[in-house]
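Here we start with a single chain on its own, the form predicted alone, put down as structure tokens.
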Amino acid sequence: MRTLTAKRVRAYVWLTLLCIFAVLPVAYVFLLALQTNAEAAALPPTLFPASPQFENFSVVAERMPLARYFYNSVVFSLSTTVAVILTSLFAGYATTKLRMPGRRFIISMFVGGILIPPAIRAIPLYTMIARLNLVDTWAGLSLPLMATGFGLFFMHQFLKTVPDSVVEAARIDGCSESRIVLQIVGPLVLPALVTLFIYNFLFRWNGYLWPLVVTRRTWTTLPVGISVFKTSEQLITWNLIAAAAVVTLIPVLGLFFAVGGRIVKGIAMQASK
């Protein structure tokens, strides 16, 4: 019993240290966003601002189109995430509940795409988007990311747990395949859909490489806009850059704290498949 208690104490100590190392950088960004220029440039670094400078956020909004970047990120993240949910659900249903030749090969091809680095995929994707004259448009930014190999594999694993008898009973009752997916199978795997939605939204919201390659000004997203803001400043004002970063962090942190438990639960369920 003492050994078990000692192991738990060590585990809690290590987990606490890991949490501190994970939280400290985020907390420092929030504190840095409220510092003056002198405090942000001081060595050694200033931790707590003497007088919080909330006007840093208004200064950032004056120097860069923060509202437009925020709008672009919301539209891009939501549209691609909803599309990934639908394509992954229907593709997962097809590979698990429909009898079609070569479905294992199809799954392996989709999953194999996960192993290709995004930097390599960006080159041919940009070439196709440029030939279609879709550079710096919503379609050029979003369409290539509306289906993912990870989404197919994720939903494939969950849909295998749905009994085939449920699908067969719906077919006997005269339901179409699309109705079976949306009204019967979808609600049964709702936790997986919520997990995939949150995961994909966070990934797209923080995405940098593809928006950097395919956008110019009209559809610039927040991560790219902050990077451009940093390089356009004659003197790097870290407090203003941190203020812009806080605007990016707030929706992500709010979403995580609201449904973080579902993320952990969904990933744990998928890992046990």
Partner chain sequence: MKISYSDRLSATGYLFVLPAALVMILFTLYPFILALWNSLFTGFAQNLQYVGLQNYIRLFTSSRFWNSLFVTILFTAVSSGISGFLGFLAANWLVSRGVRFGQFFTAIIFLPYVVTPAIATLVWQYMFDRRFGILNAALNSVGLNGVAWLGSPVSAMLSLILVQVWFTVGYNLVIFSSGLQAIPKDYYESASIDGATESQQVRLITLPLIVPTVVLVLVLSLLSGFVNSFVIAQILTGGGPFRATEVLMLLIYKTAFEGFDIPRANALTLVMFLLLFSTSYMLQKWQDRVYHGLY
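Values in this document were obtained by computation on a predicted structure and should not be read as measured data. Positions refer to the first chain, counted from 1. What we label the rigid core is the largest C-alpha set whose atoms superpose within 1.5 Å from one form to the other.
The same protein has a further form, the form predicted together with its partner chain, not shown here; the description that follows concerns it.
Its partner chain in the model of the complex is not approached by L190, whose heavy atoms all lie more than 4.5 angstroms from it. In the model of the complex, its partner chain lies farther than 4.5 Å from every heavy atom of F76. Using a 4.5 angstroms threshold between heavy atoms, N206 counts as touching its partner chain in the model of the complex. A42 belongs to the set of residues with a heavy atom inside 4.5 Å of its partner chain in the model of the complex. Checked against its partner chain in the model of the complex, the residues I184, V82, I106, V194 give one hit for a heavy atom within 4.5 Å, which is I106. Heavy atoms closer than or equal to 4.5 Å to its partner chain in the model of the complex belong, across 113-129, to the residues G113, I114, L115, I116, P117, A119, I120, R121, I123, P124, L125, Y126, T127, M128, I129, ordered by sequence position. Once both forms are fitted on their core, a CA shift of 2 Å or more is seen for P117 between the shown form and the other one. For L209, the Cα coordinates differ by under 2 angstroms between the shown form and the other one after the core has been superposed. Q35 is among the residues whose C-alpha shifts by 2 Å or more between the shown form and the other one once the rigid core is aligned. In the model of the complex, the separation between the C-alpha atoms of T195 and L15 grows by 3 Å or more relative to the displayed form. With a change of no less than 3 Å, the CA-CA distance between A11 and T195 is larger in the model of the complex than in the form shown.
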